[in-house]
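You are given structure tokens for the same protein chain in two forms, set apart as structure 1 and structure 2.
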Structure 1
Amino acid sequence: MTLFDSPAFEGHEGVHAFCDEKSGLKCIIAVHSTARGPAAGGCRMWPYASAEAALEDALRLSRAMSYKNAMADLELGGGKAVIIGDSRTAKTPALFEAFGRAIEDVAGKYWTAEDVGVSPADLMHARTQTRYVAGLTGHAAASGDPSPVTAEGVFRGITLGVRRALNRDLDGVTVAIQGVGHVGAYLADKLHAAGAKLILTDVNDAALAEVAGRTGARVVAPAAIFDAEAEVFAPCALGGAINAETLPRLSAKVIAGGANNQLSDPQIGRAVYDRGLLYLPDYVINGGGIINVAGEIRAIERGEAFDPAWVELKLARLMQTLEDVLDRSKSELRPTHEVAGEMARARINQPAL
């Protein structure tokens, strides 16, 4: 199969491959759409087994960013960068400087930020070569860690989902959280403060003990989280948490969490709906982080300081979009992921409101 026939390529404006022998950089920058504005999405560093696997991931992730940015009503299209390499052993300042030059080559069509394996410190090296870097700290336009804003959006989404599915507020509701990393830990704190009971898991025992200690949560083994008796299941670890094996084990009535790509495939979204579970589409409920990053891009472009009030306005509008998805799903008797996908595709080529 050629690149242009690949299902993952569909709709892409451009795919850029870069190689810098001196630093060892091999990276791909995929630009899915710039119709709403420059493409924006993080940079992932991963030891891909092959260049084909890296390309596939870049394409899949950049298209997902078009969906996420459109649903968050940002003046941004979708793009993503992947660096082929092991983030534990292969990171050097020179590698990220070369990555910065690659971004500069794309001439403002793509803004980068952090993703798996890449930290703000790494991006500071890229920033020496290009201005198209966001998600940093230490300057007036900087937006810092996006995770608290992501968690706030997920918290509001869970509140909405519980109201819709269970007709109650969060006080006394049991939420099972898979993964207490950046997003999951902030989410646990917010849910605990709202009176929810928590069941937590993580493969990182130290992080798990710390979050459970301060929230009075019950802890279960990673494989047991799908069997936990809870009203809400919040995937906040890696993708694919909802699949043919795990879905029948869930007792929850609401699936709402921060992880990307929660459904293993679109068919499982239909199965979730047929079982009567309310699924809050991941790229809508977890859009708070990219809104925060967009706040930084906007501030840099305007030569202004970062404005938290603008971020709050966009987050509130995102929650209204989430309500619209749930309303349409209910009135059209269709799964939420189908409705959200249709709305996102319609918005991708429209200017922001």
Structure 2
Amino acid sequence: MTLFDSPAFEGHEGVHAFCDEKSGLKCIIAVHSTARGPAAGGCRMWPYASAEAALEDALRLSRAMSYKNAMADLELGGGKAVIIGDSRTAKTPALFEAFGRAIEDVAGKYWTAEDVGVSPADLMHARTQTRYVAGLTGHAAASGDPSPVTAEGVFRGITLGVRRALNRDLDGVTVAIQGVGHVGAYLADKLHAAGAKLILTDVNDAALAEVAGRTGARVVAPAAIFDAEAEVFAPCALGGAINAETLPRLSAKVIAGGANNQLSDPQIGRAVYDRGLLYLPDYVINGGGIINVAGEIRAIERGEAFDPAWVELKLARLMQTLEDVLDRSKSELRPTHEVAGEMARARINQPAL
């Protein structure tokens, strides 16, 4: 299958591959849409099994960012970068400086921020080579790590989902969180403070022990998280967590988490709906982080200081959009992912408010 034949290529404006032998950088920057503004989306570093796997991930994530930014009513299109490599062993300042030069070569069509395997500290090195980096610290427009804002949006979404599906608040509700990285850890803290009971898993034993220690959570092996007795399943790791093998194992009534591309394919979304589970579409519920990044981009472009009030306004509006998705799904008897996708596509070519 060629690039243009891939279902994930759908609608992409450009796909850019970069290699820097001296630093070891191998990366792909996918730009799905710039209809609403420059493309924006995080950079992921992962030891992909093949270049084809990296490309597929970049394309799917880039398209999801177009949907996410449109649903958050941002003046941004969708894009994503992936770096092929092990973030635990292959990170160097030179690699991220080379990544910064790659971003600069895309000529302002793509803004990057952190994602899985990449930290704001890493991106400080990229920032020495290009201005198109957000989610940093140290200047008036800086917004800092966007993960806490992502977690706040997911927390509000879970609160809404539990109220809709279970007619109760979070106190005493059991939430199974898959992944306690940047977003999952913050989410666990927020849920614990609200009285939820937690079941956690992660491939990083140290991070898992730290979060479990401060939240009193029960820890299970990564493969066992799908069998956990919980009212809410919160995928906060990589994509494709909900698939034909894992869906029948879930006891949860609500699926809501911080991961991107949680459904392995659209047919799984229909199966989720047919089983009576409430799925909160990932690119709606986890839009807080890109809103925070958008606030920084906005401040940079205007020469102003970062405005947290603007971010809160957008986050509150995003939660109303999530309410609209759930209302339409209920009234039209359609899966939430179908309703959200339809809304996102309609918004992509509309101006932001």
Ligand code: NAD
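Each form is matched to the other, and the largest set of C-alpha atoms that superpose within 1.5 Å is called the rigid core. As the structure is a computational prediction, the values presented were derived from the model and not from experiment. For residue numbers, the reference is structure 1: its sequence is counted from 1.
> Quick check on the two chains I just loaded: which one is the form predicted together with the ligand, 1 or 2?
It is structure 1; that copy is the form predicted together with the ligand.
> Does S119 shift between the two structures by 2 angstroms or more at the C-alpha, the core having been superposed?
S119 C-alpha, core-superposed: shift of 2 Å or more.
> Hey, does R131 budge by 2 Å or more at the Cα between the two structures once the core is superposed?
Superposed on the core, R131 moves its C-alpha 2 Å or more between the two structures.
> Cα of F233 displaced 2 Å or more between the two structures, core superposed?
The answer is no, as the C-alpha of F233 shifts between the two structures by less than 2 Å after core alignment.
> How much does the C-alpha of L59 move between the two structures, in Å, when the core is lined up?
Core-aligned C-alpha shift comes out at 3.3 Å.
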